[in-house]
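First, one chain by itself: the form predicted alone, in structure tokens.
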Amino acid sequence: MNICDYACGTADHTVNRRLFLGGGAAGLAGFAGMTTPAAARELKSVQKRMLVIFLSGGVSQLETWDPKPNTDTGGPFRAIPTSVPGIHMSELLPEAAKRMHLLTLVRGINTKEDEHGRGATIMLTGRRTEPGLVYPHVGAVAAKLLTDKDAELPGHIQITPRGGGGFNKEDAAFLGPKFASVTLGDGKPPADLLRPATLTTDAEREAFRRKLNDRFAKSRRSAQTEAYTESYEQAAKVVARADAFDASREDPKAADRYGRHDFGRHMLLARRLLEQGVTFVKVSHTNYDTHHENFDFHIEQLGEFDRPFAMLLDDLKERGMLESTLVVVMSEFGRTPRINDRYGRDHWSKAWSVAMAGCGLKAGAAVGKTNANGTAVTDREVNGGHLFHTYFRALGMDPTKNFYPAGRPVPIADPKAAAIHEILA
């Protein structure tokens, strides 16, 4: 996939495996495919997980979940029927339309923020930016609340389309580096993941390292030393489970189904990581900031998105995991109903949509409504705070409870909002 520049000119542009593997290579081999009903039921019963698919730049709600054909804002694409009578979506999503009975649509979002960075903050933290306090991203919160303390893999992983990668302590905020994300640039394993063949390790050397660390920390404990220790421990776990990041171990037929392009590879890797016990995975798909040639861009980008998304839903359903995995497709905002003079759509946060599926939700439902040409919400308006509450209610958590950074109570989700109860199972 070729990465195109955004049209926008802005600069801001667990589970305990031993529980059901029984240990040993035979257990690992059986787990890698998650083909047995017993293994799927065991995973479903012991851990809930979350997958966020972030369509970066701002996907158009009119070309996806809330089409308005034959209007002054609707654009050239048809609205097609879905597997749920009465619910239509854009013809650019034919595979998703066939799986509407698995999906839940929220069509009445108004986040009141048309700037990329602040819009992303609202969607990923459920709150607007506040002076003096940085809130943790949804992935860090999910990792904190849902990851087993003995988990062998990080609870918070993000897969990005570009290079880079590594450990990002910023998105965990006051929850600390233990719940920060590990980024896989282009879906590639973390750098230096595999130990060189000439380098050995043993329990005595590791015990000696821990002893020195503990001695140092007793007299010089600080946020920096804590962060280092957490980072090292997490890195050691990742190295020990390097196989989890190797999507080449998947059946080649699965790679064909998902697609041999970048996003297909990344979605297949996400499925693998969820199966391996990772609590939260975020996959980013880019180039939705369509200030010009909106329709051509969406034909290309959604053509790449639609089938891997559908395949992932099918696989989660087939493996018995969809009931315990919350899937959310989001952006930082939507696109303007008005089509500009470059055949593009600009930033629009006043009336847009997200799609969800899986854990704790009423499948085949749509809540919220926009007017005839999509310029305003006319029924059940919600914002990022409502969505954040909904995610954790669906996952079986109480988002009205508090975290206590430095002894100060901070609610998990915005206390001025509440869950969208109509779509909770």
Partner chain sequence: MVIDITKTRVLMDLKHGRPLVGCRFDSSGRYLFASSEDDFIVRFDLLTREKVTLAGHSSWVRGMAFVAKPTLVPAASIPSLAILGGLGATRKPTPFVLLSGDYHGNLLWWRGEEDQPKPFRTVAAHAGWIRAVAVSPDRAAVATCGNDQLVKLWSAADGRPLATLEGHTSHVYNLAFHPSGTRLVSADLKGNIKDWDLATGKLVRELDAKVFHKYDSGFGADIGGIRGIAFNAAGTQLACIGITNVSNAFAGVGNPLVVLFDLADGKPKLLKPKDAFQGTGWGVNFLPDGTVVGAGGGGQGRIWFWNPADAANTHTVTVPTNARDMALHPDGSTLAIAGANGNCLIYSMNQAPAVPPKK
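What you see is a predicted model; the values in this text were computed from it and never measured. Positions refer to the first chain, counted from 1.
One more form of this protein, predicted in complex with its partner chain, exists but is not displayed; see below.
Undergrad: Please determine whether Arg162 contacts its partner chain in the predicted bound form, using a 4.5 Å cut-off between heavy atoms.
TA: Contact check for Arg162: yes, within 4.5 Å of its partner chain in the predicted bound form.
Undergrad: Is His292 one of the residues lying within 4.5 Å of its partner chain in the predicted bound form, judged by heavy atom distances?
TA: Answer yes; at least one heavy atom of His292 falls within 4.5 Å of its partner chain in the predicted bound form.
Undergrad: Please run the contact check for Asp256 against its partner chain in the predicted bound form: heavy atoms, 4.5 angstroms, yes or no?
TA: Flag for Asp256 set to no.
Undergrad: Can you tell me whether Arg249 touches its partner chain? I mean in the predicted bound form, with a 4.5 angstroms heavy atom cut-off.
TA: Residue-level check for Arg249: no, no contact with its partner chain.
Undergrad: At 4.5 Å by heavy atoms, is each residue in His88, Phe305 and Asp314 next to its partner chain in the predicted bound form?
TA: Result no, not one residue of the spot touches its partner chain.
Undergrad: Exactly one stretch in 80-88, 293-301, 96-104, 320-328 has heavy atoms within 4.5 Å of its partner chain in the predicted bound form; which is it?
TA: So the stretch in question is 293-301.
Undergrad: Just give me the single entry in Tyr288, Phe280, Phe333, Phe309 that has a non-hydrogen atom within 4.5 angstroms of its partner chain in the predicted bound form.
TA: Result of the distance check: Tyr288.
Undergrad: Heavy atom within 4.5 Å of its partner chain in the predicted bound form: which of Leu184, Ile339, Ile122, Val354 fits that? Just give me the one.
TA: So the residue touching its partner chain in the predicted bound form, by this definition, is Ile339.
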